[in-house]
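For reference, the chain that follows is the form predicted on its own, supplied as structure tokens.
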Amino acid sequence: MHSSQKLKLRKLLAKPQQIVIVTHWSPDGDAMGSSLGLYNYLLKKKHSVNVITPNDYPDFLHWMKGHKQVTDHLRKPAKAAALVRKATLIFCLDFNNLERIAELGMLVSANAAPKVLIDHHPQPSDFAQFSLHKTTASSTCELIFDFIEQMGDKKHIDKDIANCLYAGIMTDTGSFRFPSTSAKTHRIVASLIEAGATNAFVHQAIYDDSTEDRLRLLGFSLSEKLRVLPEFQTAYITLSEQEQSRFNYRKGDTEGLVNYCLAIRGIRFAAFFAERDGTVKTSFRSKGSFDVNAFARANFRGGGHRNAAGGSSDLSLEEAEKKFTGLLPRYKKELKKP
């Protein structure tokens, strides 16, 4: 954030504000960690703060302080709309375009209050008056730590804030194994642990608290639904709504499933297709130089990062799969690059 922006924002935050924090559709660990980490910080600064999500998020993130106060726009549209209308300052976290938050984006756009964008996705649209945007950051939670530090308030980071930010960094770096994990990331994590983050608790709450159904769905996906295309160094999984229902699917049950495809030796491109609510949701992951952000933008109405992106399709699951496999010959040379 430029020094002039920093000063203006500090002045704004020096007086009590009606603040709304919004994040992207189907919030993940980084979205909720950054939103609730910022929420708890701003409460300490005596602001009125509300977190609004476009829809629900997995129950393995419900332990974060402030979860019970989150408003789900899909479930409570009138309440969410009223909160956005009253806002005097709006923070937009972990997304780079208001279209990514559907109807909630239109509400945010209609309010003339200043917007603050804090995000690490490439190609942000120009809708915010204040911006802390770095594609090199491991996560939006890393940037929230930077933001709090830039506001001169690192001392306000307590155990609850630290746990929220630790969760987002941990999940968005794949437990610190993705290339986005930098020396700075580890220094921030060390500061969070010093502030009270309990790393073992956070890891257990997110990764080691699965239902039996979730584990059986994982087993079924890997045993019966995994497809490997060695000629394209690609592996993918598809799941129909019926298959998910068979294992009593709940939101978050397929989180991280696409990464198992990428764990196969020799595989550089991984995809996951899930049939949900009349559309097909897609997740893409890659190793090395293959740009799944560009792939998702060009072919599946999506986007994200170079090595991690998502999208959607109005095709049937079978048609979406056929489209995907049909595209692979076009990308064969790119997939062979290191």
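Just so it is clear, the structure is predicted and the values come from calculations on it, not from any experiment. For every residue, the number given is its place in the sequence shown, counted from 1.
Absent from the display: the form predicted in complex with a small molecule. The rest refers to it.
- Query: From the list 121, 225, 268, 214, which entry has a heavy atom within 4.5 Å of the small molecule in the predicted complex?
  - Reply: Contact with the small molecule in the predicted complex is made by 121 alone.
- Query: Pick from 53, 286, 283, 40: which residue has any heavy atom within 4.5 angstroms of the small molecule in the predicted complex?
  - Reply: Result of the distance check: 283.
- Would you mind picking out the stretch of 32-40, 65-73, 294-302, 45-53 that comes within 4.5 angstroms of the small molecule in the predicted complex, counting non-hydrogen atoms? Residues of 294-302 come within 4.5 Å of the partner.
- Might residue 311 be said to contact the small molecule in the predicted complex, defining contact as any heavy atom within 4.5 Å? Taking the distances in the predicted complex, the answer for residue 311 is yes, it comes within 4.5 Å of the small molecule.
- Task: Mark residue 156 yes when one of its heavy atoms lies within 4.5 Å of a heavy atom of the small molecule in the predicted complex, and no otherwise.
- Result: No, residue 156 sits far enough from the small molecule in the predicted complex that none of its heavy atoms falls within 4.5 Å.
- 4.5 angstroms heavy atom contact with the small molecule in the predicted complex for residue 100: The answer is yes: residue 100 has a heavy atom within 4.5 Å of the small molecule.
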